[in-house]
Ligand SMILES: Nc1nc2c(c(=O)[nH]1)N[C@H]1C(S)=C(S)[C@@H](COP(=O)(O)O)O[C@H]1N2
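Coming up is one lone chain in structure tokens, specifically the form predicted alone.
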């Protein structure tokens, strides 16, 4: 009877060890090569980093003001965003990116992930990275200044808006 208990303990230990190894492997596979930081946007494609941009970098690009009302489960909120078209951001890295890729996966520091089709980015007056609201810098998740956000002007409900934007993965 005692050897049966010892065998069960060995099997249990082996199963737990195997699960730990599997979890570690998946964690490594799902980990990005770069660590994400608030106040920076990592732009990558195929596992390669194409660029890292900050609010200061975006402010060097043509700025636009966008007034909009966002309808969400929390109610309606009015905004006057300052930002730059995502198309201008991509072109500042490589003007050919919009021809090479068809989709962009956006991710925030809070792990919120959404998708934007390149056809939406190419539409005039549609997809923007914003960094201020009513002239005040957007707040980071930790309460500091310097957050960025994806807004899609033709998406009145804001379901795909990515707050605390930290990465753009081109596919």
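Just so it is clear, the model here is predicted, and its values are computed rather than measured. Numbering follows the first chain given and starts at 1.
Not on display, but discussed next: the form predicted together with this ligand.
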query	finding
Contact test in the model of the complex: residue 159 vs this ligand, heavy atoms, 4.5 Å	yes
4.5 Å heavy atom contact, residue 105 to this ligand in the model of the complex	no
This ligand contact at residue 112 in the model of the complex, heavy atom, 4.5 Å	yes
In the model of the complex, residue 91 touching this ligand (heavy atom, 4.5 Å)	no
Option from 36-44, 49-57, 124-132, 64-72 whose residues, in the model of the complex, bring a heavy atom within 4.5 Å of this ligand	64-72
